[in-house]
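Here you get one chain, nothing else, as structure tokens; it is the form predicted on its own.
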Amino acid sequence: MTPRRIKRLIGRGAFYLLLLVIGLYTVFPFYWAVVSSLKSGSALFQVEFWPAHPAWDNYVAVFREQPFGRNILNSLFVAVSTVALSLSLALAAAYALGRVRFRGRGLLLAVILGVSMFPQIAVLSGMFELISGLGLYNNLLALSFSYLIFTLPFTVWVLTTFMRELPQELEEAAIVDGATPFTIVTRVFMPLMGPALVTTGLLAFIAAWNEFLFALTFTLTSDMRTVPVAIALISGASAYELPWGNIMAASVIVTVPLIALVLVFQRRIVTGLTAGAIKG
């Protein structure tokens, strides 16, 4: 075996070893959450690869002891409505910023992106006053509108980058045929922007699904809470007796749908994230 071949084998082995380490680092927390969700009592403090007597009752208790099913539906409504609003507004903004030439376009795009750099706590008081003034406190619509602060800038930026790469000839041909800007966006550009729409929509969905601070601040009753707040407020007999099995079971329940969505749309996600990276 030649030294060159040995070097190539060592490099390939190191690469696969690195992939294995990254995979373990990524998957192990979820695996341990599943294992912990099947334990109760003192078994939680025992280290084992799989519990000898799985406590499936933890998953039943999550729905029995609080309106967790309603909390899941709340999160689903908020996440879907946030994605719908974000994509609708971002698509219109992307057409203006990516296809229409006007003075200050670059500055406006930078300002839109800069809004997402503010931490949530910095805008919390202002958002609370706005939500209260609109009479939306303890209403799911309050979360849908407030989440646009961190989903809309990202969606606008990605869709604008993607739209700039679309051929100019498509738009010119549509204009010659008498198409309006609305028709151009919905009938010509949207079918071509599938990967970008899926990517931004899924990332916005995950952000809205996992958001905690606004959901905790703008909701009051248990039937209006989303799943992150519902999980955080699961309590036991005392501060030292938290039902960790129930908490981990709830965490697994709300994580599985996100994993499924990513696995289903993984190809479109990669295509959308690399859109605009290569011109051709």
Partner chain sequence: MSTHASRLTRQRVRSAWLFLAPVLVVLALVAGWPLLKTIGYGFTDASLIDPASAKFIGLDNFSYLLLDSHWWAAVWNTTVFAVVSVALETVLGLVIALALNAQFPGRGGLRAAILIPWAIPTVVSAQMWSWMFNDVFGVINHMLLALHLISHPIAWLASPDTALLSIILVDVWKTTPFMALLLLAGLQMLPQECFESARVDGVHPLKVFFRITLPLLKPALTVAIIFRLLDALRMFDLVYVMSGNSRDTMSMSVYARQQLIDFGDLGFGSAAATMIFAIIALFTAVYLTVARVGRER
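Values in this document were obtained by computation on a predicted structure and should not be read as measured data. Positions refer to the first chain, counted from 1.
The same protein also has a form predicted together with the partner chain, omitted here; what follows describes it.
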Original post:
Which residue, 80, 192, 206, 72, has a heavy atom that falls within 4.5 Å of the partner chain in the predicted complex?
Top reply: 206
Subject >> The unique member of 224, 55, 33, 61 whose heavy atoms fall within 4.5 Å of the partner chain in the predicted complex >> reply: 33
Subject >> Residue contact check: residue 119 to the partner chain in the predicted complex, 4.5 Å heavy atom >> reply: yes
Original post:
Taking heavy atoms and a 4.5 Å cut-off, does residue 159 contact the partner chain in the predicted complex?
Top reply: no
Original post:
So in the predicted complex, does any heavy atom of residue 197 sit within 4.5 Å of the partner chain?
Top reply: no
Original post:
Heavy atoms within 4.5 Å of the partner chain in the predicted complex: does residue 216 have any?
Top reply: yes
**OP:** Any residue of 29 to 51 with a heavy atom within 4.5 Å of the partner chain in the predicted complex counts; write them all down in order.
**Re:** 29, 30, 32, 33, 36, 44, 45, 47, 49
